[in-house]
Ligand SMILES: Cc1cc2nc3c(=O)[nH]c(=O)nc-3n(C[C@H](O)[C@H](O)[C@H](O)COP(=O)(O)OP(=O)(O)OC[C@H]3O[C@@H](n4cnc5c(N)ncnc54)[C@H](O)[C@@H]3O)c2cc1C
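A single chain comes next, written as structure tokens; it is the form predicted on its own.
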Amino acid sequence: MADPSSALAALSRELGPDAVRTDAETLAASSHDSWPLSTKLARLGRHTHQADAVVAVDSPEQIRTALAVAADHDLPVTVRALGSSVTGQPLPVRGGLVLDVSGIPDSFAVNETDMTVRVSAGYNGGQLETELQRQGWTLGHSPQSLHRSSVGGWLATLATGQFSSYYGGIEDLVVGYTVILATGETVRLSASPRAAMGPDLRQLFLGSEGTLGVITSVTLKIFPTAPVQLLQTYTLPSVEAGVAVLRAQAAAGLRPFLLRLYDTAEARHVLQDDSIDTPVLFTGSQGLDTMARAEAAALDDIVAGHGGAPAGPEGVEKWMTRRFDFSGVENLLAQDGGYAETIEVAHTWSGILPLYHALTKALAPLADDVLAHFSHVYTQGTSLYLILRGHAGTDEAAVQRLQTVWETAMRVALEHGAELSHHHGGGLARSPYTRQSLGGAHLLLRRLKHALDPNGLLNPGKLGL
């Protein structure tokens, strides 16, 4: 990579000197995200993923200018919005520029007839959902990071939300979006409401983690807020029985908006009750009154058929009030030697239980607590979400422990043929395993990368690129 000084001088001339930051504090801040490993490294004062400059842009035109200067000077560009990634997507690995798009003015426009909202990519998701709900609408997209993540980040990481069993993931919710390529060209990709003119090119940039282009605006589906929501907590005799319930309701074609199965260890945690001695299932049905009640009754029957029993709505109701709370992990990471990690994978119905048992067994020696739940259900399988918590004595030991956790989890998942990520994306945490995970499909990704970013400047070091 060339000396960046001439590039930074050019950017200062084009964008103004205040747009280009090279002070130590700014560079250090942009070298970390919400990845627990990165958080521990920050506590140790180790800023290993550091750019040469942070460039703040406030318009698509400024993005194109920054990309052009970077291309002229062979500088890598890593896009960053709100920095809520928990796997290291916005961290630069080859220096260059961090392109800070969080200052692009927020804008959104609701089309109530078509039931869509067009929004700037840097818009805070929680703020958008709040504003839509004031008008009687919802995005249907509700990740735990809702209030700390951006709309464009959802597309870039192929995110999904806590109510995906009803609404689907971001790939089901996006209608169209605008992206600026590394070459400076602007492309609008859309389907209204569906299109069969060639491949669905909207899929190209979903999950691309900023390696193929910069998303600037997004059009999403919106939904009227449901008139009725019915919540229920069930106890189940075993994780196996719970997974059987998840599969049976999927096979029956039910669409509960909430479906979360906790193993016994996490059931105690989520219900804040150490006396719990069974797995627990949370469900929620919504919509018109007659439809919601019919679905809830059907779920009652399915659960009873697998040895489960209703325990009332209180457990789910309390969880609904704190479902965006990430403080348990953050408080532990703030302690000297404390560590915590979340790892989400996915598998088919035939593979998910062997994967659950293998992962919890392999990870048990590496943490004080290994908690697990199944929270995104499909006709062919489900996700598995693991939470690990522990103390390693010192932050340095915690870093080593977290690295071992990732190596162990990815090895076991690969051995079982599982999907290495369900909704957190790859980032730095999973990049070393991308080629093995994608197999021959990685060839297509490499060719796309070469075609759209021939100089390899956009977010290098991610997705095995």
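When you see a residue number, it is the position in the sequence shown, counting from 1. The structure presented is a predicted model; accordingly, all values stated were derived computationally and were not measured.
This next part talks about the form predicted together with the named molecule, which is not shown.
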query: The named molecule contact in the predicted complex: His373, any heavy atom under 4.5 Å; finding: no
query: Close approach of Gly308 to the named molecule in the predicted complex, 4.5 Å, heavy atom; finding: no
query: Any non-hydrogen atom of Trp154 within 4.5 angstroms of the named molecule in the predicted complex; finding: yes
query: 4.5 Å heavy atom contact, Gln144 and the named molecule in the predicted complex; finding: yes
query: Contacting member of Val175, Leu231, Ala248, Leu82, with respect to the named molecule in the predicted complex [4.5 Å, heavy atom]; finding: Leu82
query: Answer option from Ile215, Val117, Leu388, Leu258, heavy atom within 4.5 Å of the named molecule in the predicted complex; finding: Ile215
query: Non-hydrogen atom within 4.5 Å of the named molecule in the predicted complex for each of His357, Leu366 and Trp406; finding: no
query: Proximity to the named molecule in the predicted complex (heavy atom, within 4.5 Å), stretch among 196 to 204, 159 to 167, 232 to 240, 295 to 303; finding: 159 to 167
query: Residues from 315 to 352 in contact with the named molecule (non-hydrogen atom within 4.5 Å) in the predicted complex; finding: Phe326
